[in-house]
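Only one chain comes next, encoded as structure tokens, the form predicted alone.
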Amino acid sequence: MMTDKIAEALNAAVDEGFDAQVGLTADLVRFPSTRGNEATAQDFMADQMRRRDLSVDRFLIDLDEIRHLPGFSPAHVNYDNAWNVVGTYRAETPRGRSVILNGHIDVVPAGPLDMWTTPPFEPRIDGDWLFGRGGGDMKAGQVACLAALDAIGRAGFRPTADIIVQSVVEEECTGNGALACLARGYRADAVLIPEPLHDCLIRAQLGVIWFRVTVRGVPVHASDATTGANAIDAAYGVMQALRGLEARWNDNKADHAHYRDVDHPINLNVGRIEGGDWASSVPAWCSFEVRVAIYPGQSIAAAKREIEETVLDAARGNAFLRNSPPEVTYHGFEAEGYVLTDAQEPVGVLAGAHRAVFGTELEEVSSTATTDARFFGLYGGMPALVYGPVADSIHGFDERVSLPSLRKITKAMTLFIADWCGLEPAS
């Protein structure tokens, strides 16, 4: 049992190291680790793990080793530079319960740079906020994993259970990085993922499907546009039909206990579109890419059938598409939803740590996004707790993370590790 005196020492140790923690977070944000460009950031993480005497495993994801596993998502980019990094602390005489501290290094593209107040990969601190792409989602949480271990050592202790720190790729598009860690054999008694979650715990999260719709048309000169078939115009008709599917799935939220009180849980987003070849030619092609959410327990296969039926129904209302229906293909996310169950012990320990730091009860939420927690919970038999700091504008311009929240979350993570894993004097 952790005493108040030990808790005070750990909290003081977090405070003592917080400026260095923020500096390390800023250093990590400087790496533009968009998908396919994570290797240098992973080298940085590996170096930081070695500095803390963790045993480092830096490995390239092998698709052939994971494509047959449940939870695999079809790859849509090259994996020649897809490196995971895992650092492991081994207790000399394990007596406590082990934990995986998981975070992802990949960040989403920054978008038009002129729409940022300052460059996205040049982190800045303004008041209580650290700005920069990936600062919130989720490099602040990744560094907090290391900072929690630092605080335990600074306070004069060491954990009495194994601790595995994972820095993975592909969280933003498939989750195959976390799946590769599972395939490599990493297991623990619980998992903690400090995603930006406004000081709350995710109890339920949605699944996600990515798909592409390709529409064909008949090209003619723009002066004779009415004699052709405009693929871009037709694509907008298909998009409207998909909006109808989104509305129907939202109408079914009462059938899903964790989402009955969530406003508009299912979001369908048309994230990319391209088409046509010439302004004066009726476009012969258009393709658009979609992200849509699904409920926990909703079948991916059944959801795909509904998507395809919706697209075909829309095509029947178009004279050209009726005989040349759009093609639906899948790439990236094929993620199931996940509900945290059978996790009374780790949730209780985290709730106690949160209460000790924040002075309030731990709030539980149902997220309309997805995280890598599903791999550990659905396929690894490990309770996965997603709990992280307040962040704003993730995936948007001027992404930022709250430093006061980050300080408290780091303290709660440190107390959780201390209570869950156990401590002994470092000497």
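Start at 1 with the first residue shown and count on from there. None of these values were measured; they are calculated from a predicted model.
Keep in mind that the form predicted in complex with another copy of the chain is not shown, yet the notes after this line are about it.
- Exactly one listed residue, out of Arg260, Arg305, Arg322, His221, brings a non-hydrogen atom to within 4.5 Å of another copy of the chain in the predicted complex: His221.
- The single contact residue among Ala343, Met239, Ile300, Ala91, judged by any heavy atom lying within 4.5 Å of another copy of the chain in the predicted complex, is Met239.
- For the chain shown alone, Gly275 is a contact residue for another copy of the chain in the predicted complex, at least one non-hydrogen atom being within 4.5 angstroms.
- Taking the partner from elsewhere, Asp162 is found to have every heavy atom lying beyond 4.5 Å of another copy of the chain in the predicted complex.
- Another copy of the chain is not shown here, but in the predicted complex it comes within 4.5 Å of a heavy atom of Pro112.
- Of the heavy atoms in Phe397, some are within 4.5 Å of another copy of the chain in the predicted complex.
- The three marked residues, Arg35, Gly271 and Phe333, each reach another copy of the chain in the predicted complex, with a heavy atom inside 4.5 Å.
- In summary, the region of this chain contacting another copy of the chain in the predicted complex, judged by heavy atoms within 4.5 Å and restricted to 261-269, 81-89, 343-351, 118-126, corresponds to 261-269.
- Taking a 4.5 Å heavy atom cutoff to another copy of the chain in the predicted complex, the contacting residues in 222-247 are Ala222, Ser223, Asp224, Ala225, Thr226, Asn230, Ile232, Asp233, Ala235, Tyr236, Met239, Arg243.
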